[in-house]
Structure formats: C-alpha cells, structure tokens
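To begin, one chain is listed below as structure tokens, in the form predicted on its own.
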C-alpha cells in the first residue's frame, strides 16, 4: 500500500476496496489522506492497483485544439467563473438524459463530489471551489450510470480523473472527462480558518461564495466574493487576499500536489478548461472586448471523444481558435510540475512553506496572515505590475514559457 505521505486524497482506494478497510481522513495540515483498518484488510492489492501515486496513466491525451470560448447565454456566462463552459457542457449531457459528476458545497462550505441529475443539483455545481474536494463513492456512482448506458460528464482535479479511470478499469464510450488547470488544492484546514475570518466581518450567516469571480470589466482582476443571508455582498481582491496568496505561493499546497505530473501534458482528460488569462495580450484577439468583457474560458480539446463532445457544445458557445502557447504560457502547470518549474520550484522549496504548514493547526488565520504575508509589500508589487501594463506582462509570460521549454529539454531531456 502506498505510504500516506504520497497520498493525493483522490479516493480511488476508498472506492475500490471490497472490504471497506479504507476510510478517508486528514493529516495535521488538513490534507485529505487515506486511513487503513488492518483488521479488515485481506492484502488483496486492489488499492495499490488504482492508487494515483502508483498506477500508470491509462490514457495519454495531447492537445488537439485550443479555443477561447464563452456561453452565448448571459445567465450561464454570469454563473461561470470565466466563460461558463462547465454549465454548457453539463446541459449538453442533460439533453442526452445523462448525468454530471462535479463539486458542490456542503452546508459548512466544505466541498464534495456528487452526481447531478436535476436543474437544482446542476446549479449547485457552477462556479469554482478553491479547496480540495472529498470524492466519497463518486467513482462507483459514475460506474453505475455508465453500466446503465447513460452519458456521464465527470469534472474534477487531474488526480481525480486518473482515479476514475483506474477504478472503472475499462473504457466506456459514453464517459466524457474534464479537468481544470491544477497546481494543487489548498488544505481544507486553511479554508475553514479563512471562512471563520470572513465571518467575523459580518453579522449573520454566509449563504454563498464566489471564488476569484470577476466583478469589474477587467477580466484579469478577480475577487473573493461572499453573499450573506441578509442579502449583503462583500468582496476582497484575490491578489491581496492571504488565502489566495498562500495558494499561489504553494504555502497551502501539499508536497504531493507540488510534484504532480497528472496536470502536465499528455493528460488523461478529454477536455481541460479554465480561465483564459491574458487573452489578446500574447496573441492579438480581434473580437471586440465588449463581447467577452464578462469573462472568457480557455478550452483545450485533447481527444477524439473530446472533439465529438465539443460539437455538441458548439450551438451554445461563442468560440475562437487560439494558439497553444497563448493558452499554456500563463498556466505553468501545462509546462511542468511545480517542483520542476525553474521559477516556481523555489516556492515549493521555500522553508517558510514548511513552517506555514506546521503553524496551520496552532495559529488563527489572522496570525498566519500577519506572520507570512505582508499586505503592504504585496500592494506595492501589485501597483508595480499594473503600472507596467499588459504589453510588458505579455512579453513576460511569453519569455517564461519559452525559457521553461528550454530548461525542461536541457534538464530532463524532453519538453514535457
């Protein structure tokens, strides 16, 4: 059985064990891990066969097509974090009497994976959730619907997509998988502390969360937004939010996520979608900005099955072909894992990162923010970045992409 230190929390072993010898728990830093009951274990080895850290990729999909896209429906577009692609895809599946597996908030705003068959369940899945999701028995649920010859769209993290294929153990023609550009999900413990911090600023109960949503016409400016039962809405800029900064700097990401290669091409998912950062800055985008000022999604189509499914999405989308480099440059995860990336690996090797995770259980959110993140320093960095302007930023992303490709070839013998 894989050591707990290498566990991604994907839940494949939890789903496959025929003796219920595995439960899912968390470590001291709040990362999801397996726990094994050796009194129930028979040593059958099925858990090792599906472990995301041990098993080989079942599929190796490479980018076939790249699009900038967004929903034609203003309502769907507004509900999505960027272009609303998830809901467009989900409704295409619903039209075939299919089901959708995705992430939803629990009452306490922890996150789990579940199956949506109704409009209400589907709407609960819209919008990004910036914390690790608990898979439960969702892979077995997906298998049940596939065995009933239903179409299933599964949307999750790269390790969860890998776990699904491992648990299924065979190809199903009616399964479509999608993953997001993932460089690790923040620990649930830090998420809980962040929500406690947010709750102190308002009376009453929290009723909704928007993670890195767009509240202005600047598509690269994002906010953490909170809706309260009173109807009030509060927000803070993502680039000055300690929760987001801890994530972007790798402080709240596990060692396993930092070393993950399931997010580096070739991937297993049929589709990859996320925010199309800096659209039009690296390569000219001739579409008038007013047409996409409410957000635009990056869509990577990686397989023939993905291409066939994209045809079903097209009637509800505005979509434009783009170049691979433009999509990949701001998403370093497509170039290499965090520990291999020649700039970002320094963040994962930062001794303050280990110290942060040790302090997680003992300190409040405010104490962590004070100790590890200087707001004044960050505001200065943001101000300088804005003054440089998008053209200089575009050259920076372009240079970073090209240098990383050279670095990977020299140090690992391939471009990843």
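Numbering follows the first chain given and starts at 1. Since we're looking at a predicted model, the values are computed, not measured.
Same protein, other form: the form predicted together with a small molecule, not shown, and the subject of what follows.
Look at 143 to 151, 192 to 200, 96 to 104, 224 to 232: in the predicted complex, residues with non-hydrogen atoms within 4.5 angstroms of the small molecule sit in 96 to 104. Remark: all three candidate residues (113, 247 and 277) come within 4.5 Å of the small molecule in the predicted complex, counting heavy atoms only. Only one of 164, 269, 131, 300 lies close to the small molecule in the predicted complex, with a heavy atom inside 4.5 Å, and it is 131. Remark: residue 177 does not count among the residues lining the small molecule in the predicted complex, judged by a heavy atom distance of 4.5 Å or less. At the 4.5 Å threshold, heavy atoms of residue 251 stay clear of the small molecule in the predicted complex, well away from it. The closest non-hydrogen atom of residue 127 lies within 4.5 Å of the small molecule in the predicted complex. Although the partner is absent here, residue 187 is not a contact residue: none of its heavy atoms lies within 4.5 angstroms of the small molecule in the predicted complex.
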